[in-house]
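First come two forms of one protein chain, each written alone as structure tokens, so that there is a structure 1 and a structure 2.
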Structure 1
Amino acid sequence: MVNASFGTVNVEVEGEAYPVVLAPGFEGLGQAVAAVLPAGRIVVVTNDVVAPLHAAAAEQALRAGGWDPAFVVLPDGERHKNLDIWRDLVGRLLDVPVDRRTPVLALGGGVTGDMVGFAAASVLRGVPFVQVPTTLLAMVDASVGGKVAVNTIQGKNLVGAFWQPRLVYAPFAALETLSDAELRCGLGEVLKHAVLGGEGPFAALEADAPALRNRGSEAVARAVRASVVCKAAVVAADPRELGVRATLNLGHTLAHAIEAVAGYGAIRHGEAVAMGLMAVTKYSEAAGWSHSGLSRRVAGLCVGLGLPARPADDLDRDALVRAVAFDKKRDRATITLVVPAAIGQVVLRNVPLTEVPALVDALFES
């Protein structure tokens, strides 16, 4: 039976459209790339964890579509998303050699996509970029929207570009090798997109939550599609993050603080997003900005997806307050919070820094 959630979502950004193909496996990859770019040489950049799992399937599919793939394998991990590896990658692309029309394909999670996208944006002043996300987080978030970047010692994602892919091809079979922890990481952003997306997507995710926890393929496909549709609409309205795109930061003010205070990696990003989303919803409901009962409803879905609704009691509250107050979105004596007034209705609110302790307290409320 054909799953209605496979297929294509079109993303339109600054007058140019590109397809996000949701596919059961790698089989159609070569043809999908050939549908948007003339077949020939292509450089596949992946990492040393993903390569042994999925490079052979990607290679076979590319060859079947008429492509001649060269492979570059990077070291795995966020700590390698830096300018040293970027310089090395750009050198290896030039050595292939690439010309202005040679596509560069990122095969991997969000780290690979961000790094490879920034290299594709830079080498020869920009070559065609293709994303093949292999984590749930990369499928529902990182591969859509054209933000590509690397980290520096000053912070995360501080050097980068807006460089839209020509195609995103999400092979769901790749998720079979993903750990439950990595899957949960993506579910945090799926939850956020459902709150942003409105009553329909939220209710659909509520119904699918048990199947998603069990990795039911149709439920995963529906969740990825709904997330991509939500993010694509926001990105289309505001490609350069001058306005409404900031709503995608829902839950992230506290999430970034939680990750920093717990130590990066100790609490996974998606879990931190779930906790941050819960806290801002509870805080906003107490302030009378959200419909009453909203936080209970979001908490129900959060738990239903297997995500934590609050951190352990021993997370340092004072350190969280300091971390939120130094969030990069800080504007003098206020922070800008993305607040859900209702499912599908988020607003930006400037909150005085003196309110940050109350916001952090909301994080720990049951």
Structure 2
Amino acid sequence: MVNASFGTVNVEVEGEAYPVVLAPGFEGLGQAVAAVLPAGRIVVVTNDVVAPLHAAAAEQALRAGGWDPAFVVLPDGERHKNLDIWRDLVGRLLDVPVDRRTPVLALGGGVTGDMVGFAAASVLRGVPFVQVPTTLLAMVDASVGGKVAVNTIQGKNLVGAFWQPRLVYAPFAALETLSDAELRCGLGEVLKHAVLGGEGPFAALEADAPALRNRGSEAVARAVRASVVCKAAVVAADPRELGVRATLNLGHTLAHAIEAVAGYGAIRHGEAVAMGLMAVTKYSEAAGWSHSGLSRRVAGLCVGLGLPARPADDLDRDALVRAVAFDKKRDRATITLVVPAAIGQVVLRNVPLTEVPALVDALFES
């Protein structure tokens, strides 16, 4: 990665701030954590895929910064992001043991960060939390903003908390170990942030799309920074999702339903977000809420990034309707839908549950 892409983006939340450090590798991790918390014992929670790849580098960097790390390894995958694994993690943290000054560090992707963050928010009524995202999806979205949760059989992220990290440290070197499919998964959230960000970020992403598909390091670095800047601004304005932060759910009402119906892990989150974003844009344009031609423009960038615009025909439509109707953003007989009126202009609309079948139909339109 080029040096110009590194540096710090600060996230201001309720009168306090924490840094998102964009770094070339793990080398500065220990010092970065020590800059925000007093060095001592730290618990690193990772998963059985990330541990062989990055645990040694993380441990070396932490020890160089004066930390004494203990490691907890979880099973990898969205299907393990549940209350049973969370309960086991809480018990293992208490067995370490941790006290209220012991930081808990999440080393991994969005699933790991969500699970560990929710445990950190719960153990001893809250311990310091550090995010070290190792996937593009986690770097551009899940690690920033403090929303932590686990899934239930009823849906995605239905049990959780708001628990802000003290630090996010994003080592770009970790992206080199991702498969093309995993890297592409992160581009779904990059696309969402570009739609939210306005014409400048959207046009920049259009220009960078070929390089992103080919894993161009400078293009990836620009995408990460642009997404973090976008999300940091929204989180600062609305840390607990009482207003404008709900716009970050663009595409997610359908995305969460797709993931639940397909079976967690069968369709990657970023791919589901791209499908959900396309569907809500088509639905909104048909309703006259969006500028004419918006769906075509979003579809063009979706294809340019190598993202799927729709799911397979055999995905259960009736189950999708039920899952959307159960979404946590439901309010009595309506759901709150994030609608793109134009690039950089999104609004919240209360949509009657009777309209959910039409929204799902939009998901399968070519």
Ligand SMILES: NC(=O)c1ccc[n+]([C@@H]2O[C@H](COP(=O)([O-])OP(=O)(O)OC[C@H]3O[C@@H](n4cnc5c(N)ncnc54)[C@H](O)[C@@H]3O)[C@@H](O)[C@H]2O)c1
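Along the sequence of structure 1, residues get numbers from 1 upward. Rigid core here is just the name for the largest C-alpha set that superposes within 1.5 Å across the two forms. Computed from a predicted structure; not experimentally measured.
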Query raised in the report: Any idea which of the pair is the form predicted in complex with the named molecule?
Result: 1
Query raised in the report: Just checking, between structure 1 and structure 2 are residue 355 and residue 263 in a single rigid part?
Result: yes
Query raised in the report: Can you give the rotation, in whole degrees, of the smaller rigid part against the larger between structure 1 and structure 2?
Result: 14
**Report entry** Core superposition result - C-alpha of residue 312, shift between structure 1 and structure 2, Å
**Finding:** 5.1
Report task. Can you read me the CA shift for residue 256 between structure 1 and structure 2, rigid core superposed, in Å? Result -> 3.6
